[in-house]
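First, one chain by itself in structure tokens, the form predicted alone.
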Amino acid sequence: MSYVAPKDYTQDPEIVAKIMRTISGQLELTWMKNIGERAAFRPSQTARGLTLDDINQGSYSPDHLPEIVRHNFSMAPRGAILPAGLPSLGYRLNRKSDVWADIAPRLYEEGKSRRWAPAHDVPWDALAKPGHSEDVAIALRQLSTNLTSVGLVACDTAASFEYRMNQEFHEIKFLMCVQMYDAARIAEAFRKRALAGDGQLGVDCAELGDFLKTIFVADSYAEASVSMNVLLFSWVQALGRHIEYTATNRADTFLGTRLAQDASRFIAYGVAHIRNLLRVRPIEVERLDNHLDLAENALVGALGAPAMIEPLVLISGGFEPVVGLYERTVEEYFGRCLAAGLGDRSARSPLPEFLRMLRS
């Protein structure tokens, strides 16, 4: 049901009277008498312009936010004067530690400054002479199909939590909008990579779908953040580097480089977010560990699925480089878990046993 405002504004006599006084030139100007805190907002570095960190001063700074926001559930921006009677927008994420990372404003600025457009920036003409066999071309289209699914689900996951987050955490909401754009661009770029020229999409991978579903239906934002930003995008970043490393033309080099670059922002936020959450509420580690147990199990299925590992074997020129890719990815992921405060997950994770099986 649509929201129904508490009064009929078109028929309210007080509002109609105020409008008539304004039309006649009798301005109240009460809003001018209630001005928020003044401060000097200037770019700290001219080359970067006026950044979010530059304007986060005084009452406008997130440093003054309480752990649990109880004073504002409306659309009012942080630092604005809050009159009585503001409508609640029903936010569900009102605890700072559930969402916050100090690095978020900088990642948001970086995401905008490093924007690129698949339509024009990818040298698609390089695919006219791709420099690889037809089997490798089909393998790259299958990997591109997989990455298209990753981008779509990552976009949906960020979107499913962004609108439930309190406006007081606008830096995180801004960053999530960049994440949605980055994820949509992954889906766009690799869908175009699959179809460019005489291409086609590959087969949808059910095991990858299971892995992505563990992220999409996570019970909390913290669970979704650790499994998407830290686990999924550790894999996406490694895959981007591998595509760049094995590329035989400028288009694939460009796509691999940008994929790894964009994935790095997801990882940086995820690690910082979980580290801050566990610093404030260490009790959450058990919940996150349990969720990662499920997500890592599903990742094993995705990494071992023929629609994932076999295309990698073809573009890598053999099985050994793929095992090396998987080992590096898992090592980096465990290091990020450690940095986030999750401790050493190698003893409980199914990933090391999966790697041993590949080596046997």
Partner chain sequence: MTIRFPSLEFFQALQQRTKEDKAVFEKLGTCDTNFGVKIGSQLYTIDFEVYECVDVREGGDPTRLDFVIGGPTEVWGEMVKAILQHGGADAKHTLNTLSHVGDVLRIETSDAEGHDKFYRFMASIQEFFDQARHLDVKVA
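Only a predicted model underlies this, so the values are computations on that prediction, with no experimental measurement involved. Numbering follows the first chain given and starts at 1.
What comes next is about the form predicted in complex with the partner chain, which does not appear here.
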property	result
Contact flag, residue 59 vs the partner chain in the model of the complex, heavy atom cut 4.5 Å	no
Any non-hydrogen atom of residue 139 within 4.5 angstroms of the partner chain in the model of the complex	no
Proximity of residue 332 to the partner chain in the model of the complex, heavy atoms at 4.5 Å	yes
Residue 200, heavy atom within 4.5 angstroms of the partner chain in the model of the complex	no
Contact residue in the model of the complex, from 160, 167, 261, 220 (heavy atom within 4.5 Å of the partner chain)	261
The partner chain in the model of the complex: contacting segment from 167-175, 99-107, 83-91, 183-191, heavy atom within 4.5 Å	99-107
Contact set, 33-52 vs the partner chain in the model of the complex - heavy atom within 4.5 angstroms	45, 47, 48
